[in-house]
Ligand SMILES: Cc1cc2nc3c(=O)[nH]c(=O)nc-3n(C[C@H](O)[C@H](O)[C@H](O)COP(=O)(O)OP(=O)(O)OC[C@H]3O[C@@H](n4cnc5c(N)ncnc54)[C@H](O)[C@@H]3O)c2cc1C
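Shown next as structure tokens: one chain only, the form predicted alone.
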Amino acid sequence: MMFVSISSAFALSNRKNCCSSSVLSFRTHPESTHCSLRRIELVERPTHRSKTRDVPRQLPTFFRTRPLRFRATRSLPFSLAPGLSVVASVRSGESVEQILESFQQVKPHPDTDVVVVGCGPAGLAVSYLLAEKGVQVTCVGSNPATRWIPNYGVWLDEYLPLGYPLSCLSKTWSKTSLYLQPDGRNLVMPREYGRVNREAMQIELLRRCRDAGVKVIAAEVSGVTNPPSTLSSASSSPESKGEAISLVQYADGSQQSARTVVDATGHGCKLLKFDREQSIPQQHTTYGWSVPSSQRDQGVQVAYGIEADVEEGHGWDLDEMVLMDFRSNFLSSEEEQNEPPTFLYVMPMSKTRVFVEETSLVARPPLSFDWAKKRLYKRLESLGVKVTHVHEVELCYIPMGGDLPIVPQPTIGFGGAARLVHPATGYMLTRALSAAPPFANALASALLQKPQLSACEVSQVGWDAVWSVERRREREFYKFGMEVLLEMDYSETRIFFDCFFSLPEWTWHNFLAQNLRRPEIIQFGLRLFISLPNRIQLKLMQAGVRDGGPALLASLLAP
């Protein structure tokens, strides 16, 4: 039986705590180290009574305490956070490049069931889930080996049920806090939060695609020719099959036919049609980009973040992630009154390393990165945090709200391309990963069990799974929340979130996850409205009259 002992470097020096079987010892890389263990049965040190625990829930806490031993039973990917050492009999993990080399590097097959355009989390998740059900899938990206840029944060109670390993999280925190009071008092919530290890998640999804038989290819899609939208089931007969498919054109001149195409290219949404143009604006105003009048209903979340070394004594609890720090005592009275509210997002990695991000929750027009950068460093200076070295800079630009793609249309959207991002918070990763299984189930059922369906009818099934009529009604409520936030200054924003997080946990929890159904939305809205002070209630009513509140209420109450 193979044993593994994991501990801090200090504890490893005490050899009596390690197992006696032959082992290979190594230390993790400062950034991250990946290895592949088997499924592990957790056993506490011999000085304590042995017992088995569920590893994904308990492992982060144990990493910070005492040495452990693990008994291997079956395969499970695994990785360690920076600063930990491992004594184990393991094999080296695969890199993104090694996994991509294992795919057959050939031109696309002339025809397939589904072409998924985009090799981000949404595209890869949909690809492997479809392939596992027997659908022939080609996943296309201009460069699938490109490292993912965003820093994804997830609630553990939402992430773990999705079935992805703990190795895809680089660090977890057992508590989450918010600073919503000017005097510095914070609200601490005992809800676990995690930071996604981007490389590990990319490797995990690519590995699943490979194991399921997905063809991942590097190619540039120049366009898609879809069948007429009036195509009927009758025209999907074998005699007219050539007319009932979508044709994907590649930049090198090659083509590939597919029964349906999924656009998972993110907010760029290269292949989808909208009622109005949604291109990213490029011109700057004082605080950000100018937005054409045709995009007035689209807000944007902008954030400037850094992962940096800081002098020891930064003051943040290493077991507590700061979701929002809305304190504004580092601003002058004029700045606080006239400039858009922003908050600090903090992931303390160690005593001398942090990820901090100055975030504009939503603004219209969006703030510029230079403006957010200046505010971040001004805030850090006021907190007495001195940056000694910057490892990474993150520039975050997330379109929020705005129009949905035209539904239905022959090409199906998913992920950011389908506007799955939360209109009021900017969260999307767990939303996309949790929406992928039902989407793949519906699409696979249509493709495999109903071969007589035309390409347009298949796309209708896909769109219904992404944006049903019910989901679209619910989204209007979240968009209304975005419009309300756009109207608030610093003081009002703090009061609003103080009341929001004072509601029963299930209400704000499900609001953030976009899991509130219509009856719950009405209950949530009433609870929040009653808890707010009169001046913010008045602002909500004014926004409701201006932004279609009566129509929204009628839609929510409709059968």
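Don't overthink the numbering: it's just position in the shown sequence, from 1. These numbers were taken from a predicted model, which means no experiment stands behind them.
There is also a form predicted in complex with the ligand; it is not shown, and the following applies to it.
Although the partner is absent here, residue 265 sits close enough that one of its heavy atoms falls within 4.5 Å of the ligand in the predicted complex. In the predicted complex, at least one heavy atom of residue 219 sits within 4.5 Å of the ligand. In the predicted complex, the ligand sits beyond 4.5 Å of every heavy atom of residue 299.
The ligand is not drawn, but in the predicted complex it has no heavy atom within 4.5 Å of residue 160. Proximity of 152, 394 and 427 to the ligand in the predicted complex is complete: all three residues have a non-hydrogen atom within 4.5 angstroms. Comment: 412-420 is the region of 412-420, 93-101, 448-456, 310-318 lying near the ligand in the predicted complex, near meaning a non-hydrogen atom within 4.5 Å.
A heavy atom within 4.5 Å of the ligand in the predicted complex is found for exactly one of 120, 401, 340, 405: 120. A heavy atom within 4.5 Å of the ligand in the predicted complex is found for one listed residue only; from 174, 142, 225, 382, this is 142.
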